[in-house]
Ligand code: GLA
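Only one chain is given next, in structure tokens, and it is the form predicted on its own.
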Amino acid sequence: MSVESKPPASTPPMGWNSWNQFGHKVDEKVIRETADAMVSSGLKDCGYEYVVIDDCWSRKSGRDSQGALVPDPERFPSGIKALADHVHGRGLKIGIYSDAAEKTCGSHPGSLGFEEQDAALWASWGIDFLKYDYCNAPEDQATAIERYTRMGDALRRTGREFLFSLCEWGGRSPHVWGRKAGGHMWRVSGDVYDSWVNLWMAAWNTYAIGVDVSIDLAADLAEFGGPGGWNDLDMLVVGLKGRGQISGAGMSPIEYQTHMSMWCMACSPLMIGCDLRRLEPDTAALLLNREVLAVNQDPLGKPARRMKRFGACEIWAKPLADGATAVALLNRGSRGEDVHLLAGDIGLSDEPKLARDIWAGEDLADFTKEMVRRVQPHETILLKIKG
């Protein structure tokens, strides 16, 4: 079965990545079964297309005598080419991982100095997506730009179409230079954990980012995201429920819904991180809601902007290609609040407008000048408003 061809990242990339659930324990069985599950669950039909193998896929002891990367023989005995063939046979695309240094985050061989050789190898395997990390690399911006550009050039020279994901974590402003370096998406945050609030990580002597904090990172970056290149708020933690490599305390159903809502409003790539082979109904309902996904995948490609803040509540708005406006009513506080949405808050007139609650899947009474909605703690109500 052939994979449909379209320009990479014309809308925010959608797919699945192995790290959040499996970490360094990823293997070919997981990848094959995940590709199968993406098809059988309906995720592929909703637009999820990439199956990405994250860190620790290669032999930790190093490259072979010719300098080539070698898949771990115990966890990937069939090799990556056979795995790519299986994923492509399911009508999906496959991604792989490396790092812009001598070692990856998991201390496997990185690609520094081997950019051309690695890119050519991945192309020969049929790889479609590269996540390129920045562990063990210098902190200055100039070096990051040079190293990412070097890999972006190497990928382009293979003649194969790659989606290039820059996992630089935002510290060197990749939203400013990521496109020029060849990137199609660039991380604007550190790793987001399965938690509403930040988590103290004693081993790192720092905090891991929670979903609530990560939302703020999208507020000032809307102008940098659009067709062909996207601000990446990190992979989804929807459905982890305290399990996996980045397990935190887990979140409530409302918090997972807010996580999904705000990633869609921000036009962030949607890379699922949970175990799709055991997809639970409540998680499936969040990941498969076509009306919500349409906000993320809208062809206009305009990330939402935060229009108003009052207390713990916020109003975000995102223009859509059909002339409608997607609106998020977000309550980040600890008690329910009545949120008053004025047409002027989102740049609309006081003329009658049609309003629809997207998550509820129901039309609301006509909206003219003001609408009041009760928003529960940590909840986001998503609306589509059209005059």
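We number the residues from 1 along the sequence you see. It should be emphasised that the depicted structure is a prediction, and the values quoted were computed from it without experimental measurement.
We do not show the form predicted together with this ligand, though everything after this point is about it.
In the predicted complex, no residue of the candidate spot (128, 164 and 184) has a heavy atom lying within 4.5 Å of this ligand. For residue 255, no non-hydrogen atom is located within 4.5 Å of this ligand in the predicted complex, even though that partner is not displayed. Although the partner is absent here, residue 235 sits close enough that one of its heavy atoms falls within 4.5 Å of this ligand in the predicted complex. Contact check for residue 298: no non-hydrogen atom falls within 4.5 Å of this ligand in the predicted complex. At least one heavy atom of residue 97 is located within 4.5 Å of this ligand in the predicted complex. The stretch that touches this ligand in the predicted complex, counting heavy atoms within 4.5 Å, is 54-62, out of 314-322, 348-356, 54-62, 40-48. Interface residue among 250, 138, 106, 227 relative to this ligand in the predicted complex, by the heavy atom within 4.5 Å criterion: 106. Checked against this ligand in the predicted complex, the candidates 191, 85, 212, 153 yield a single residue with a heavy atom inside 4.5 Å, and that residue is 191.
Residues are counted as partner-facing when one of their heavy atoms sits within 4.5 Å of this ligand in the predicted complex; in 265-298 not one qualifies.
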